[in-house]
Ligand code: A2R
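First, one chain by itself: the form predicted on its own, in C-alpha cells.
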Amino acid sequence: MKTLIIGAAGFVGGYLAKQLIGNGHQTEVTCLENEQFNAADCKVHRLNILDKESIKELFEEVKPDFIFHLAAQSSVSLSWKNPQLTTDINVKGTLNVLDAMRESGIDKSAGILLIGSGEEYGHVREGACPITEDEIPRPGNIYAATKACQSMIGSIYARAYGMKIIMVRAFTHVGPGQLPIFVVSDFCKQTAEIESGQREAVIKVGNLSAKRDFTDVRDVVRAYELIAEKGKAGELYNVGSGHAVEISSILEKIVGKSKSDIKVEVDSSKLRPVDVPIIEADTTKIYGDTGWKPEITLEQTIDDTLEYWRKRVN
C-alpha cells in the first residue's frame, strides 16, 4: 500500500512513518517549509494545507492508496489563545484536503483517515463514561469544537460523495518526543530540569483534578495502521486505553521516579477558562473491527518520556 502522511513533522507523524515503513508500506510525507522531517526510505514534500491547489497537485503526483491526515493545531491551550488559526488549520485545511481529493480524482481509489480527538465529546452526560462513538459531542474548548466540525464534515462527505473516509477520535496520547505544552511531557521536562539543577525544585501545574484517557503514541499509530487496513468507510473509531487517570496521579508517578525533593505549585497561566472533568474511551468498536488494543503500560510511557527529557536537558 502506498501511503501519504499529511503533517508528518508533528509528534505523531514520525512514529506513524516508522510504523508504516517497518511494515513494508511505501510511504511519503508532507511538512511545512520551516519544518524538519528525517526518516529513511521516506520522500518528503513541502505542503501548506491552506493552499488547496498545491494539495491537488500533490495528490495527482503521488497517487496514494491511503492518506493519513495529521496536519492540525492540536493544543487546547493554544486554541484558546488563537482560535482563528485553530479553525483555519483544523476546519478549512481539512475541507481543502477533501475537496482536493475529489478534484484530483483520487477519491475514487484512495481512502483517508481524519484524526479527531476524544476532546470532541467534552462535557459528557453523567454515567456516559466510558464514552461510545454514539455519544453526542459537547465540546468544551475551541480545539475540540474544530475537531468535532471536522468529524461532521468527514461523515457528510463520506455519505454524499461515496468517499472512503474513516474518522478517529484519539484520546490523550503521550510518549517520548512530545512537546512540553502537553501535560505528561511538561511534568517530565520540569522534573529532568530540576534533577540537572537548571531550575528550582518546584513543578508548576494547572488543574490536577481532571481525568484523561492516556495511550502511548506507539500504540496509537498501530491503531491508525489497522484502521486504514480494516476500518469501515464512513465509520468513526475511538482510540484510547479505556481507562481515565487523574492528572494528579500522573504527577505523583513522575515525582516519585525522581531523587530530587520536589514541591508542587499551581501556575494560573496553565489553567484553562473551561476544563472538562473526565474523558474516557469505550474501545469496543475498534477492537471488534480491527483487533487493536493498547500494549504499552502508562508506567512504561512515563519511564520512556522521563528518560527522553533527562537526555535532552543534559
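Remember, it's a predicted structure, so these values are computed and weren't measured experimentally. Residue indices: 1-based, along the sequence shown.
Although it is not shown, the form predicted in complex with the ligand is what the next lines describe.
- Stretch-level contact check against the ligand in the predicted complex with heavy atoms at 4.5 Å: of 231 to 239, 192 to 200, 134 to 142, 115 to 123, the positive one is 115 to 123.
- By the 4.5 Å heavy atom rule, the three marked residues His25, Pro64 and Met163 all fail to count as contacting the ligand in the predicted complex.
- Interface membership of Arg212, defined by any non-hydrogen atom within 4.5 Å of the ligand in the predicted complex, is ruled out.
- In the predicted complex, the ligand sits beyond 4.5 Å of every heavy atom of Glu57.
- At the 4.5 Å threshold, heavy atoms of Pro294 stay clear of the ligand in the predicted complex, well away from it.
- Of the heavy atoms in Ile279, none are within 4.5 Å of the ligand in the predicted complex.
- In terms of contact with the ligand in the predicted complex, the residue from Asn48, Ser248, Ser260, Thr284 that brings a heavy atom within 4.5 Å is Asn48.
- Contacts of stretch 77 to 94 with the ligand in the predicted complex, defined by any heavy atom lying within 4.5 Å, are made by Ile89 alone.
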